[in-house]
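Single chain ahead, written as structure tokens, the form predicted alone.
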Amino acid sequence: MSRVHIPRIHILGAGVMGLVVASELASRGHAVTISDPAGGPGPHACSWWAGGMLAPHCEAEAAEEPVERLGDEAAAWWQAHTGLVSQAGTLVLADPRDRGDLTRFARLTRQHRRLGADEIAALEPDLATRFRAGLYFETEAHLAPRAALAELVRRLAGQGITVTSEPQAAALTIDCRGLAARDRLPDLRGVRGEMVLIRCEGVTLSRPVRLLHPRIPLYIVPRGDGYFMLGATMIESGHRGPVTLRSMMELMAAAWTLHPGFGEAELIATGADARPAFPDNLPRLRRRGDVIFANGLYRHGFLLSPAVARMLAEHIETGSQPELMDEVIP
């Protein structure tokens, strides 16, 4: 197909989707502007509270097939555009009483190897003697979301692209407003996610750890200098208020199960937001005239935004209709 020339593209929203789209298009030589009423990434955006795990194979346990396949692009994209990716893999564990959950997880996923107690201790010495079996997804990665978003903003600014508070005129608009786009996308819904940031000098982890807990499957992501992010709640609600007491207690209880040392952790911050999702929890591209909507990342914002941005760029440049585009209205 022949390349389509677009004089100027304006992006609405400076969360993870908007910034990734802006970075992808700018890297391909397109003239890009971007606006966000809040002026840039921050606590108003659900990507601010993300775990930042680039774990396509782990996500395959409960996600649709495209999540694993398309998520495989993420680590390389984020490394190329930020240089902030840690390629340390993911460790999946279960209490000995919940070994059946570990077996089930192994059956539903790929690209892992089984570990015994000695191998777990070699990877994470602070977990020595606590778990007898685990799964190691060696090719997976993670990043610190706020640092990654700030780096995208910095690199865009180096190209003369800054985030303004008011939309600008353009030949084509890319709507990346997340849940705010429900005014145009009525089938979009909110899925509430909550996180806790703690500081614990008594425990050291080198990579994200997922604990297959019977009530709340916990993930804990090291942020460095003794800081850890705890998360994993998925509540069918668009409510964007503070973390509930129940969720915070269950997250902390699961962390205690992983290592009793977390009982001495300092509670640094809590956060919650509603993530945009379509009925099947897969992202969508929808075009209506000179507006393209890129939305529905669900809990896979950092994992799937690079693939969505690539498909969007290919559609703009060639007129192709990628697999995630389910509507084109001239």
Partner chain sequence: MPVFYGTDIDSALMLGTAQYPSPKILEAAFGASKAGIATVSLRREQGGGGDFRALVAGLGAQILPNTAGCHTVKEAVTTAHMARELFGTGWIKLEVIGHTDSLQPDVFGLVEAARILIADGFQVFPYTTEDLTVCARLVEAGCEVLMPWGAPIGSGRGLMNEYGLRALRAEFPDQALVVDAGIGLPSHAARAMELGFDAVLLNTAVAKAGDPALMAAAMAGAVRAGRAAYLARPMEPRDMAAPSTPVVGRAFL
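Predicted model, so just to flag it, every value in this text is computed and none were measured. Numbering follows the first chain given and starts at 1.
This protein has a second form, the form predicted together with the partner chain, left out of what is shown; the following refers to that one.
Asker: Out of 291, 267, 62, 31, which one falls within 4.5 Å of the partner chain in the predicted bound form, going by heavy atoms?
Answerer: If I apply the 4.5 Å criterion carefully, the residue I get is 62.
Asker: Considering the partner chain in the predicted bound form, which of 118, 183, 225, 236 comes within 4.5 Å of it through any heavy atom?
Answerer: So the residue touching the partner chain in the predicted bound form, by this definition, is 236.
Asker: For this chain shown on its own, do 97, 188 and 192 all sit within 4.5 Å of the partner chain in the predicted bound form, going by heavy atoms?
Answerer: Looking in the predicted bound form, the three residues 97, 188 and 192 all sit within 4.5 Å of the partner chain (heavy atoms).
Asker: Does any heavy atom of residue 108 come within 4.5 Å of a heavy atom of the partner chain in the predicted bound form?
Answerer: Flag for residue 108 set to yes.
Asker: Hey, in the predicted bound form, does residue 73 get a heavy atom within 4.5 angstroms of the partner chain?
Answerer: Contact with the partner chain, no.
Asker: Although the partner chain is absent from this view, report whether residue 298 comes within 4.5 Å of it in the predicted bound form, heavy atoms only.
Answerer: Residue 298: contacts the partner chain in the predicted bound form.
Asker: If you check in the predicted bound form, is residue 35 within 4.5 Å of the partner chain, heavy atoms only?
Answerer: Close contact is absent here: in the predicted bound form, residue 35 is far from the partner chain, nothing within 4.5 Å, heavy atoms only.
Asker: Which one, 36 to 44, 23 to 31, 276 to 284, 50 to 58, holds residues whose non-hydrogen atoms are within 4.5 Å of the partner chain in the predicted bound form?
Answerer: Checking each option against the 4.5 Å cut-off leaves 276 to 284.
Asker: Go through 237 to 276 residue by residue and record those having a heavy atom within 4.5 Å of the partner chain in the predicted bound form; state none if no residue qualifies.
Answerer: Contacts from 237 to 276: 237, 238, 239, 244, 246, 247, 250.
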